[in-house]
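Heads up, the chain below is alone and in the form predicted on its own; it's given as structure tokens.
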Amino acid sequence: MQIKRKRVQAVPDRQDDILSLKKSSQALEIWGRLVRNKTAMVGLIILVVLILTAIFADYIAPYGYDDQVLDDNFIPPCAEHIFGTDNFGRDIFSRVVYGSRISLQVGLISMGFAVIVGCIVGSIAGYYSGVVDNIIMRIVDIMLAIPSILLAISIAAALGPGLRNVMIAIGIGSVPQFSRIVRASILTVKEQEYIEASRATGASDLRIIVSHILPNCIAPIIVQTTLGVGNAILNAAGLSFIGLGVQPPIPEWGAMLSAARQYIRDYWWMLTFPGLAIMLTVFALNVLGDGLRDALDPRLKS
């Protein structure tokens, strides 16, 4: 009897080992395809540098982001101020470094909100279909008919300027894209045999959606999130540029561009470096998102 028990117990352990090895091999295969995409790796390197800059901004920035020395205003790039100074004598390099925290915070939190709400809405619409699907999707279609930046401007104007309201506005404007992606993915897998088997065993709808359906939607969600963070940073900069976003003296890149636009003819460095920060960040996220899409697409397996 003891021998039989050992054999019965060994089967699940062996199956778990096989599943874990399969998952690790799939992850390594995806990583290998991503590494072979040189453009995506450039974007990943830029993104890692940006994240490290945001984490260690207190040690990287030589000055505080709001340290004013009025006698040192409008200093061009030099050894002491590598990005120059602005009209208040503040070090632009320090403000760009601290601004990376604001941009990443807006991008990650707003996209996190959009992913959570979009997955809930898309799961309900795709899984239950029928009247529920029609009602939800018509609301989503109305939201998609409005450009995301205009929708964010409308929400930010209603809520008022500020960092929290910017994240809410951008997050709400990004919900429809995730809802559509999740709904489309659920429609393709909800009639599969393993879903029917889960229903036959008495699994609840919530368990089926969370444990069996959403894991199969993770690849398009990851890609859309990566691309969405770049769009969120760009939209946040746009809102701050028109005065509906982060308010001074907080060093947000779009607000820095807005404050410096009147000096564009004489003091080019005040606009150039915040603009380059926005451009490089959005570029890195876009090319990384494209690379992840190619790496996660099973049709591209060699």
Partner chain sequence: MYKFILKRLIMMIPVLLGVVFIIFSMMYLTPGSPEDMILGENATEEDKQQLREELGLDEPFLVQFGTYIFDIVTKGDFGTSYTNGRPVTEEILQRFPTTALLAALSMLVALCIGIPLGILAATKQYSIFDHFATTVSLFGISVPNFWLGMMLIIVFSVHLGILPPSGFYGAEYWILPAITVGSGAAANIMRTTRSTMLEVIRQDYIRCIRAKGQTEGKTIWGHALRNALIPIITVVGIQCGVLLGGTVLVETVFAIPGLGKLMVDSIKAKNYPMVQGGVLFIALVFCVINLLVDLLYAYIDPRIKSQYQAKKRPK
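Positions refer to the first chain, counted from 1. All values reported here derive from a predicted model rather than from experimental measurement.
Although it is not shown, the form predicted together with its partner chain is what the next lines describe.
Note on the partner interface in the model of the complex: the residue among 131, 158, 206, 184 having a heavy atom within 4.5 angstroms of its partner chain is 158.
Of the residues 45, 28, 51, 242, just one reaches its partner chain in the model of the complex with a heavy atom at 4.5 Å or closer; this is 242.
Among residues of the shown chain, residue 73 is not one whose heavy atoms approach its partner chain to within 4.5 Å in the model of the complex. Residue 150 belongs to the set of residues with a heavy atom inside 4.5 Å of its partner chain in the model of the complex. The shortest heavy atom separation between residue 275 and its partner chain in the model of the complex is within 4.5 Å. By the criterion of a heavy atom within 4.5 Å, residue 35 is excluded from the residues contacting its partner chain in the model of the complex.
When contacts are defined as a non-hydrogen atom within 4.5 Å, none of 115, 225 and 229 contacts its partner chain in the model of the complex. Proximity to its partner chain in the model of the complex, taken as heavy atoms within 4.5 Å, picks out 139-147 from the listed stretches 80-88, 139-147, 100-108, 122-130. Residues 257, 261, 264, 265, 268, 271, 272, 275, 276, 278, 279, 282, 283, 286, 287 are the members of 253-288 with a non-hydrogen atom no more than 4.5 angstroms from its partner chain in the model of the complex.
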